[in-house]
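Starting off, we have a lone chain in the form predicted alone, written out as structure tokens.
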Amino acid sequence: MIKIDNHINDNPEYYQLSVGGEVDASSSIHLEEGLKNAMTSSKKIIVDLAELEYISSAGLGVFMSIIQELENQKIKFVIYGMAPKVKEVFEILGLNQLINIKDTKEEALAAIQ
């Protein structure tokens, strides 16, 4: 089961999406909706994955599918707070080369400025 929480912060202006639980084939649509909503709401997005326990290839595919659109729209996008197991999956697939990944929220906020 996936849990998504999102909100816009005014000062400094950025969109924060928090994703928790498990992202699998059936719940990845909710992740995609959350990311698309974030992308239409702000040019600065941080994604908190601290509560993410599992992500399937479908969930990873959602992140992969937005990379080009992030570049085209010049959206600053940073993921942070990944558990070591989740971070390892991103690294094995090389997503850490394509997506800015930080350990803490403070580092993520600094990266989108």
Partner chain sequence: MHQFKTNCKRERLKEIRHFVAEVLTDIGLSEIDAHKVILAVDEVCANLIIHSNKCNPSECLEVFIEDHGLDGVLFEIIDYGVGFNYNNYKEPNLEEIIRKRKKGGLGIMLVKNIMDTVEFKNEENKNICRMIKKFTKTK
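Residue numbers count along the first chain shown, from 1. Please read these numbers as outputs of a predicted model, since none were measured by experiment.
We do not show the form predicted in complex with its partner chain, though everything after this point is about it.
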Test of understanding: in the model of the complex, would residue 53 fall inside 4.5 Å of its partner chain by heavy atoms?
yes
Is there any non-hydrogen atom of residue 75 lying within 4.5 Å of its partner chain in the model of the complex?
no
So, in the model of the complex, is residue 88 in contact with its partner chain at a 4.5 angstroms heavy atom limit?
yes
Look up in the model of the complex whether residue 40 has a non-hydrogen atom within 4.5 angstroms of its partner chain, and give yes or no.
no
Heavy atom distance at most 4.5 Å to its partner chain in the model of the complex, all of 8, 12 and 111
no
Heavy atom contacts to its partner chain in the model of the complex at 4.5 Å, residues of 41-78 in sequence order:
53, 54, 55, 56, 57, 60, 61, 62, 64, 65, 67, 68, 69, 72
